[in-house]
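Coming up is one lone chain in structure tokens, specifically the form predicted alone.
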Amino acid sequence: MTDAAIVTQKLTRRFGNLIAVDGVDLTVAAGQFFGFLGPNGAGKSTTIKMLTGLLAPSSGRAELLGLDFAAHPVEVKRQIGVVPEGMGLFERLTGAEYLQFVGRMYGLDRPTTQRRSEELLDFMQLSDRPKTLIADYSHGMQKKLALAAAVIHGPRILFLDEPFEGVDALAAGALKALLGRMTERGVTIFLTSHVLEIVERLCSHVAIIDKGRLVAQGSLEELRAGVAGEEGSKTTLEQIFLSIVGQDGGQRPQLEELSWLM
């Protein structure tokens, strides 16, 4: 059996009276391309923040690469990469300066940092504007740079929170190519995205969270087996998602009440 890269036990996060993540038990095998789905406000980003050390759990535990995160935070962080939804780039640096800074922070020596920075900038098609500040990058360019920074140290787990949001087709193609190479090398990728077609195309396994609780987890084929589709057609991830979280029926009455749009 493949070793687990991520294991959570009753992972919970409260904000006052709000329970944003409620007792999540999650298992992600090493080398999986794993999709983590849910409606807005379901607890996806909060879960990622706990799995990457940006938020401490209110209760429960998370184990990454066989290490308890609470007991070994620095050792775990050295082996993971993160592209958060807000990116948080240092915009007064150039792309090369930023990658060199990140590489050194991860403990890479200067020659290795320099070499990897140049390779990543070339691969992401960002090397043709060496003096351009990150503040002057397009949104897609910033996404590519954020991913480059997340992988420069060779992480064993990569967390991606909405990596394709606001990214054009060319930039998305470069990101997908890099992610494909990483999974071929055995890297575990944990992806959240509202673009279900992308998740269905890239991910082999999926978990769905709704109102802070994990409501489904398994391979795409296992989830399809639990949802009846039209006879003779393959059940899509969108159909699975809507069936499980109940958003399909929940939205239509509201739209029908907007008579002024009719």
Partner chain sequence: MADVAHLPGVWEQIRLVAGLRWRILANNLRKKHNQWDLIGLIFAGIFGGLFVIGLCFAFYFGAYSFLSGGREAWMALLFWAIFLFWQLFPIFTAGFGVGFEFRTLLRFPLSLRAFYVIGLAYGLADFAAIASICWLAAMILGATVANPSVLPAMLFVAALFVLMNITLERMIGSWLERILARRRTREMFFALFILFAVSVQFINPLVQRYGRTAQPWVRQVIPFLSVFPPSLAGRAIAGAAQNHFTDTLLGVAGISAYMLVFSLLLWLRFATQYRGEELSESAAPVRAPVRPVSRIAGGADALRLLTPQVAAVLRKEFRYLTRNSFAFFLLIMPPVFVLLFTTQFAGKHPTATKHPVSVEFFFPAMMGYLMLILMAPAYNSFAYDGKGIQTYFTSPVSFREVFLGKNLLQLAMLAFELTLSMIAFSYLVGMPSLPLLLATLAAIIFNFTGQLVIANWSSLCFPRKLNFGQMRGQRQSGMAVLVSFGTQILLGGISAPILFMSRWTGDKWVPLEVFAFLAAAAIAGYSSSLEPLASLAEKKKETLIDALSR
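Numbering follows the first chain given and starts at 1. This structure is a prediction, so every number in the text was calculated from the model and none was measured.
There is also a form predicted together with the partner chain; it is not shown, and the following applies to it.
Undergrad: So which of Gly173, Gly166, Pro111, Gly180 gets a non-hydrogen atom within 4.5 Å of the partner chain in the predicted complex?
TA: None of the other options qualify; the answer is Pro111.
Undergrad: Out of the stretches listed (208-216, 45-53, 25-33, 194-202), which one is close to the partner chain in the predicted complex, meaning heavy atoms within 4.5 Å?
TA: Looking at the other structure, the answer is 45-53.
Undergrad: Does Thr94 reach the partner chain in the predicted complex if we count a contact as any heavy atom within 4.5 Å?
TA: Output for Thr94 is yes: heavy atoms within 4.5 Å of the partner chain.
Undergrad: Is Gly154 near the partner chain? Define near as a heavy atom within 4.5 Å, in the predicted complex.
TA: Close contact is absent here: in the predicted complex, Gly154 is far from the partner chain, nothing within 4.5 Å, heavy atoms only.
Undergrad: Give a yes or no for Asp128: in the predicted complex, does one of its heavy atoms lie within 4.5 Å of a heavy atom belonging to the partner chain?
TA: Yes, Asp128 sits close enough to the partner chain in the predicted complex that at least one of its heavy atoms falls within 4.5 Å.
Undergrad: I'd like to know whether Arg115 contacts the partner chain in the predicted complex, with contact meaning heavy atoms within 4.5 angstroms.
TA: The answer is yes: Arg115 has a heavy atom within 4.5 Å of the partner chain.
Undergrad: Going by heavy atoms, what in 102-117 lies within 4.5 angstroms of the partner chain in the predicted complex?
TA: Residues within 4.5 Å: Val102, Arg104, Met105, Tyr106, Gly107, Arg110, Pro111, Gln114, Arg115.
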